[in-house]
Each structure stands twice: as C-alpha cells, then as structure tokens.
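So this first bit is one chain, no partners, the form predicted on its own, shown in structure tokens.
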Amino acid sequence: MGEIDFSQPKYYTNRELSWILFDHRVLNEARDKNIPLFERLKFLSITASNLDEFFMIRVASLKDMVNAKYEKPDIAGMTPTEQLTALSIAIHNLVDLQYSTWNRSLVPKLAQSGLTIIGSHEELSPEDGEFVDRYFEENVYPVLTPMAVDSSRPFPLIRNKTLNIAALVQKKNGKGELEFATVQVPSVLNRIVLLPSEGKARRIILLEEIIERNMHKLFLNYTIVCAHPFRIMRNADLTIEEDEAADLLKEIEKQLKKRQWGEAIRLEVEEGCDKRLLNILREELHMEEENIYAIDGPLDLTVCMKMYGLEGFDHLKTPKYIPQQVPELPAGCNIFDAIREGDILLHHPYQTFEPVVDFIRQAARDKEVLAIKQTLYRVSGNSPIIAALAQAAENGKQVTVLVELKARFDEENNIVWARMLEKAGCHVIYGLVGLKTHSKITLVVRREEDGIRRYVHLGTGNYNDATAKLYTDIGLLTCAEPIGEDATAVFNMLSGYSEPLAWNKLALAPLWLKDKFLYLIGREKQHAKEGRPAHIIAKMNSLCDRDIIAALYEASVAGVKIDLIVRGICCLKVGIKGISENITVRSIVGNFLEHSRIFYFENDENYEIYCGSADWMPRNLERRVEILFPVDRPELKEKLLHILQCQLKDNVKASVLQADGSYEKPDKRGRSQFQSQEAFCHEAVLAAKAATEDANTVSRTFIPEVHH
C-alpha cells in the first residue's frame, strides 16, 4: 500500500456538524421513554443551553471569519461560509426536533402526570384570567419598562439572551401609523407562575403569557394590534489583544461588557408572528432569513430546568446519588499520612470530592506546611477551596494561585475570586499571555522530620466542588518525589517563565504534550508492525486534532486495535476501507457528564496509562497549559483500565459512531443490559461499605443527577 495523504478532507468530519450530532445524542435522552419524565425535561433544557453557547461562540466565530473574508477551509475542506450554510440546515432540524419532543411527547405526558402547562393566555378560564391579571398588577407591572419606538425614541438595545415581547400599537383614535413597542420579560421574577389548583395536581403558565395578556395596561392610549415574544442571541466570543493589554484584568472586564451588545446572530420568534412585526425586528437587528427561528412553543427551553425544580414530583425524578467515601481516606484522617502510604486515586462523582477540599484545608491549618500552589480554572460560587487558600495566606503560608481569567463564561467570577485572594495575602498570577492555563494541579510543600516533602494533587477536572457532583473525573494524590519536582517546575514556569532542562513524569502542553501522544501512538504502530500486541484505548471529551487523527489512522493501518470513547466532537471517521477499520468510536451520554481524560497504551503487554486535563484538540495541545500525568501504581492502573473496559461494555447509554457518520445505540440482542455509570455507583457504595465497620451508615445506591 502506497503512502496515504491524510491531509485530504475526505478523511475528516467538520467539527461543528459533529457537535450538532452530540446535541442530538443529548436530545435522544429527552426522547427516551425509559427515563423518568422529569429527567427527560432536564435533558431537553440541556440541549437548549448547549445550543445557546454554541451560537454565542462557534457560530459567532464563523460569522467573524466570513465578515473578515477569511475563506480558508477547515480539515474537512469546508469554508466558513459553507459551514454556516450546512449548520443552518442542521440547527433548524435540531430545533424542530426539540419542539416536537416538547409538544408531542413531554407536554401531554406531564399533563397525565399532574402538571398542566397552559400554553397560551387565551386558554385561561375567566377565574384563571382574574387570578393572572391580579398577579400582573401586584407583582409584575411595577417591574416592567415598556419602550416605544418613534422619531424621538430609537430602537432600544436588546440584551443578549433576554426574553422580550414585541408589539405593534396604534393610537386609540385610529389615526396615525402602526408603531413598534417592546418590553423585556424581567429575569428577576420567576418565569413559572403557579395557577390555583385543587389536590396534588399543578397548573402553570409562563410569565411572558401573563405580560402579553396585559400589554394594553402598559400602553394606555394605544390599541395593541399584535404582540409576540422574541429572543436574540449575540456574538459573545471575546477578542482580547493580550500583547497590547497593559492590565489583563481591566481588559477582560472591558470586553465582558461588550458581550451583552455583540452582533445579533440568531432571532427566535413565536411561530405565526405578524409579518409586519417580524420585518421590523429583522431590519433593526440586521438579521438574515436563515438565522430566524419560528418557534412552536415557549422560547428558551432552559425554562425546563426550572420546571424540574417544582416540588411534588419526586416520583418522576431519579433520586440523587450521594458520592461515597474514598476507602483510603476515612473521615477525620490525616491526609498527609494517608498519601505517604501510597498514591491514592479518586473517581468523582462516584467518590466524594471532599478529600480534595480537605487536602487544602489541612494544608492551610498544618503548622508544618510552608507553601501551597494551585491553578484555578473554574470554581463554584461559594468555593470552600478559595476560603481555605485565603485562610492559608492569613496563617502565614506562602500561597501562590494561578487564576485563569480567560475561562469562558467564568471570567467575571474569576476576577472576583482573584481580587479576594489578593486581599487575603495570596500571590495571584493571571495566566500567561496567549495561553489559557487549563491544567489542574495543586502542590503542598511540607517540612517533615526527614526534610522537605512535596504533596501533589493532579486532576482531569476543575477545582469546583459543585460540578464535582455532576462531572466524571479522575484525581491523583501523591508524594512521589519525581512528580513533586515536576510540580515545582510547573509553578516556576507559570510564575517566572523558567523551564527546566528535563522533566521526570509530567508532560506539558504547549511544550511537548502533543509530541508525547504522537510518540505513544507511533510506538503502538511499530509494535503492530512487528507482530507484537498493540492496543490503544483513549477517553476524552473531543477529538479534532488532524495530526493525532492521522497518527491514529496510520496505527490502524498497521493493525493496532483502537477504541475511542469520545463524548462530544469527533472529526475522525470510522469504517474507511483499509484505513480506519480497526477503530471504534463511542459516546456516552448519561446522568453524569463524562469529563475525565484517560489514555491506555498496551506497550507490548507492559501497559502504560495516563490521565490529564487535555482533549485531543489543537487548542488543548497547542494553545493551553495542560498536564498529562502517568499512573504507575499497579492496582491504580487496574482501576483505570477497569473504568475504560466498563465504558466499552456500556450498551445502554453509549452510542456508536457508524461509517456514514451517524451514531447508533449498540445491538443488545442476546446481551444483558450494562450501564457503566450505574455500575460505578454500585462499586463505590460497595467499596465504601467494605471500608466502614458499620454498614448501616452507608447511603443507598441511586442513579445520579443529570448535567451536560
């Protein structure tokens, strides 16, 4: 077989269209009748939230390219213009399926289960009408700001993602032209309004319907000719000229304000919207036809998450799973003593995130601890880790924290934390110019009887105690000296730009992590050529780096068995004759968000296994600070291999990539059902139970909450 040119577009799938397929997989969970009804509501909400972010960042970025006349094709050979055209068709189909799921499946099922959703204020009975009118006058009217548009009042600035009601009004005397008016549906009020009902049954109406019914009270001298809800999405992709920004903190704060007023890129309107009203919106917002979405149902389906929160429907929800204790770290133990006994692997959210918080808390209070260094990318709203770091600084420890200000949609949050940590006496670094610091690492330097010892936590997920209950991630606690030396080098590099001559165990992006992966893939290829065992299993969120995909194709051609577990975007194609027949790709969409990155290389029956913060994407491998760490302890390697094998066995929540680019559920004929996330829940409970003297204190096993 001659040399294959893997730069040819025919070997790759467009990343944006691949992402749409991922959101379809999430939507399939909302359509699955085997899932509790309210969990299906939650999945529908997730698809809407995902799509909003996709527009604000990915679609916006493509539009910027088109506006800049940038026509270079992507790895699949599509120009930005071609991508936008294809995406418009794909997204319209996705939205149609979202609302078909809502109208035909969920709304009738909810009504049968005791939750009736009044779709229009015109359906209200006289008694209900009286109730909502009174509710409007007492609770809503004082908050509203109606805006008319005329020669003295220009078209108002409509904020990103806000829900609004547009109206055409005419003076009551019938004289004069139709005028445009709008009012924002206030986000400070609950969008779901409960109507009076008897017994356990609930009836709800959405706030915009109440406002629309009472629009005439906002424009007293006018007749309301028509009124329809609308919503716009704006370009929220921040452009920061870091090299020219004297103060990165101030530059990001300035750009954040622009996010509300970026170019409008999507308009959602109620289906059947008056054409005259729609024309005004289209002209004022400079909106092309293909970016207008006529919606048959409530705009902004993230409201489903609020419906999920309604009380009285626990029987239609999956009970919460309680993360279990880590057997090696019993409550109240000295975490440093435990780590000295051997490396400890953490598997969240099946096992609690509390040991990671305790690691920082104990370090903050321990008089022998001299320094704490940590990278922070996304943290929770009331972060116990931030509080512990602040306490450590107040206790006189040397505390260095790298806060990544460029963490998308968490910029504002991170600015607040950065300032708070500085006030507490921490040394705060704001990331590196041109790079995002996405690595998850904590270093604790402790003085002990035999000298200085370094304790390190490395992870695949953020130091966020809230998402740690929802995202699947791996953590490693170790005091191995080679990793401790590397951890020190990482922080010296981040704070002082000094790179060591050699590294012991850690591989860093953007320095040589990509080369490391290419070497490991190439080694398996060589083993296959020599007739030795060769197998790669890789689990990640996204795969779209052309060099990595080409290396996987070459390994496949050589005979390497390659099993990929890729939750979201996958630009690799399977089933290409003579090229990717040895490659399988599966995506798991379950109750927890699959987030861990685990990489297995058989290495001629002396297998190596790594975890890290990076996906196989150009941005992770070339434009971010990322860390890949090996897991060397044999029993921990076995645990990680077990995780991968369970996910490859999953035939309930997995979807398998087909040669035509579609995803299908595995064939379960003749096989018992196996759900990997459920299995990990059971295993964590059994392990905690075995490590606890009193088995009665262990929580019952439940399937987890949903988040995507």
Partner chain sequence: MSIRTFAAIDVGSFELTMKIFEFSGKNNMREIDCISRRLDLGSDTYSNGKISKEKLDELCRTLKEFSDIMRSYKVEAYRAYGTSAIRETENTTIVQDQIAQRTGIRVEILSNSEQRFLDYKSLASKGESFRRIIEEKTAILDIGGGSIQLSLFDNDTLVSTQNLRLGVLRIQEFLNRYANRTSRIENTIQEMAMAQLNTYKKLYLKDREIQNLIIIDDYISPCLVKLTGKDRDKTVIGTEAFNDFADRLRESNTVQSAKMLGIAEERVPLVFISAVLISRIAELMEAEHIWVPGVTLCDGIAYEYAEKIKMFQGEHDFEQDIIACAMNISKRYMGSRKRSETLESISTTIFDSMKKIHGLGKRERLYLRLAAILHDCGKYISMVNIGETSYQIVMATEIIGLSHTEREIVANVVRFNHSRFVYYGQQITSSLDRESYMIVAKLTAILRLASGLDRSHKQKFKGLKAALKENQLILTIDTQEDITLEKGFFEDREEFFQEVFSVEPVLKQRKNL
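Numbering follows the first chain given and starts at 1. Because the structure is predicted, anything quoted here is derived from the model rather than measured.
Beyond what is shown, the protein has a form predicted together with the partner chain; the following relates to that form.
* To do: Sort through 580-588, 197-205, 479-487, 382-390 and report the only stretch with a non-hydrogen atom within 4.5 Å of the partner chain in the predicted complex.
  => Stretch 479-487 is the one.
* Candidate spot 370, 496 and 504, all three in 4.5 Å heavy atom range of the partner chain in the predicted complex? -> Per the other structure, all of 370, 496 and 504 touch the partner chain.
* Tell me, which of 452, 225, 576, 189 has a heavy atom within 4.5 angstroms of the partner chain in the predicted complex? -> That would be 452.
* To do: Only one of 93, 398, 85, 139 comes within 4.5 Å of the partner chain in the predicted complex by heavy atoms, so just point that one out.
  => Here the answer is residue option 398.
* Asked: So in the predicted complex, does any heavy atom of residue 492 sit within 4.5 Å of the partner chain?
  -> Flag for residue 492 set to yes.
* Asked: Looking in the predicted complex, any heavy atom of residue 515 within 4.5 Å of the partner chain?
  -> Contact check for residue 515: yes, within 4.5 Å of the partner chain in the predicted complex.
* Asked: Counting only non-hydrogen atoms and a 4.5 angstroms cut-off, does residue 159 reach the partner chain in the predicted complex?
  -> Judged by the heavy-atom cut-off of 4.5 Å, residue 159 is well away from the partner chain in the predicted complex.
* To do: Flag residue 445 as yes or no: does it have a non-hydrogen atom within 4.5 angstroms of any non-hydrogen atom of the partner chain in the predicted complex?
  => Output for residue 445 is yes: heavy atoms within 4.5 Å of the partner chain.
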